[in-house]
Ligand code: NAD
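A single chain, nothing else alongside it, follows as structure tokens in the form predicted on its own.
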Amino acid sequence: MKDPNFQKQYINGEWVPSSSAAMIDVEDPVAMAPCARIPRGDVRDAERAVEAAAAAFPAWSKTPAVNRLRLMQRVVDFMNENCTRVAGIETRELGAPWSYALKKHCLYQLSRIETYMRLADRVLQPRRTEGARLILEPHGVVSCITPWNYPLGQIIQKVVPAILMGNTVVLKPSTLAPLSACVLAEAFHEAGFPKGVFNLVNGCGGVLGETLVKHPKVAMVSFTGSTEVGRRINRDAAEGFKRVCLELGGKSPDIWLPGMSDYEPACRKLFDSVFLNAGQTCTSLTRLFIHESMEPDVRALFRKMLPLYPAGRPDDPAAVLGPVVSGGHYRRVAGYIRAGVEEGAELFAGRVPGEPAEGYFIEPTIFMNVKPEMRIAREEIFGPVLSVLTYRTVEEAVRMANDTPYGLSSALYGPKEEVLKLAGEIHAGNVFLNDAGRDITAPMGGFKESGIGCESGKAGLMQFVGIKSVFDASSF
């Protein structure tokens, strides 16, 4: 894909060359070959972007909300006009099947922008307590550091609420899937945002990250990624008392209770969670807990449902799964599958991947007879791999479900009264009961090592402001 903006940084309202002449190849995981190049930005790029954002902040923070919303609507309009272009990008840099790329990696993400806009209009209305006026004040420059698994979506979750609430932004996307970020930068440019409000810097996190976290003019860091990196960011940010919002790892449980007449809806939700996007979703329900009496029926159900999830090339209309994102990630996921076999779990579906020949494809993989101490039951794999564990009592199921350092998401399927009762016993920021779907106006955040703060909804907007109480007796 040849686009001159892919090879530049977007700083202070202009597409500019990087301070570094070095470039990074963006790999197509189907072709297993480069499909584009981006700058290998250096510290000077990060510093220029932060300075531009800092200079823009005083005026932007005082810009009326109605003006911010008007400009953001232009971003939505531009992205809607370029949705097929974004989908085409995600079929190349991520290997996503075309229909999934269009629906989930573009159209669904634009609905997030519209939701933030609708909610921001309400959140920014004047507030009072019994004896004070409450003023929402943006923090300042926000560094947004995003992952590759939902390239546009993860950016929107941070950049849009930050800017709507009056902050200015420096975005550093993943080097594995950075191209849709460039399209979003074009949208901000064409919308007419003031210079410096939005800045895009491409490059390696190991080079740019310290500046984007520690720079004295950065007020907040919003990061999605691994718990290990999040822990380091939290530590570095604490030195400057910077605010952080961290959405980190997960190993989410799904508990099926006996007593339901039909488990196909539960299986569909489970397989969608674990297998779509090639399993590269932080909230994937990768641990299934079933009562030991259910195992024969569950095996039969899996055999029935698995053919609905074929892997294939993005241009294959029948494809549901694409490849994982890179050769390095392919080998990582393959290593976990190999470890599951070596530890004695039953490889019920899938196979141990060998050397990739025509793309980094990993079949939907299911392990049965998994024990809680196995690596595949404890560590985040981030691939299309499901571990099935059995329980004898509901109390045992809940104990095993909570026996993890993570607490991002979870699901319960069973009689209504029982799942309602159990919802409060699962230590996770999200609990899906039976056929419930996600509400993008609700907060999305994790407990324990799954993060700090939250995204989505009003709560996601409020991450980007401080609350000032003004006590003025004359106004009451």
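All figures in this text were calculated on a predicted structure; none of them were measured in a lab. Quick note: we count residues from 1 along the sequence shown, nothing fancier.
In what follows, reference is made to the form predicted together with nicotinamide-adenine-dinucleotide, a form of this protein that is not presented.
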| item | value |
| --- | --- |
| Contact test in the predicted bound form: Pro97 vs nicotinamide-adenine-dinucleotide, heavy atoms, 4.5 Å | no |
| Proximity of Glu90 to nicotinamide-adenine-dinucleotide in the predicted bound form, heavy atoms at 4.5 Å | no |
| is_contact(Pro173, nicotinamide-adenine-dinucleotide) in the predicted bound form, heavy atom dist at most 4.5 Å | yes |
| Touches nicotinamide-adenine-dinucleotide in the predicted bound form: Pro161 (any heavy atom, 4.5 Å) | no |
| Segment that reaches nicotinamide-adenine-dinucleotide in the predicted bound form - one of 247-255, 262-270, 103-111, 347-355, heavy atoms within 4.5 Å | 247-255 |
| Pro147, Pro138, Pro178, Gly196 - the one with a heavy atom within 4.5 Å of nicotinamide-adenine-dinucleotide in the predicted bound form | Pro147 |
| Contact residue in the predicted bound form, from Ile426, Ala411, Leu408, Val50 (heavy atom within 4.5 Å of nicotinamide-adenine-dinucleotide) | Leu408 |
| Sequence-ordered residues of 366-396 touching nicotinamide-adenine-dinucleotide in the predicted bound form, heavy atom within 4.5 Å | Glu380, Phe382 |
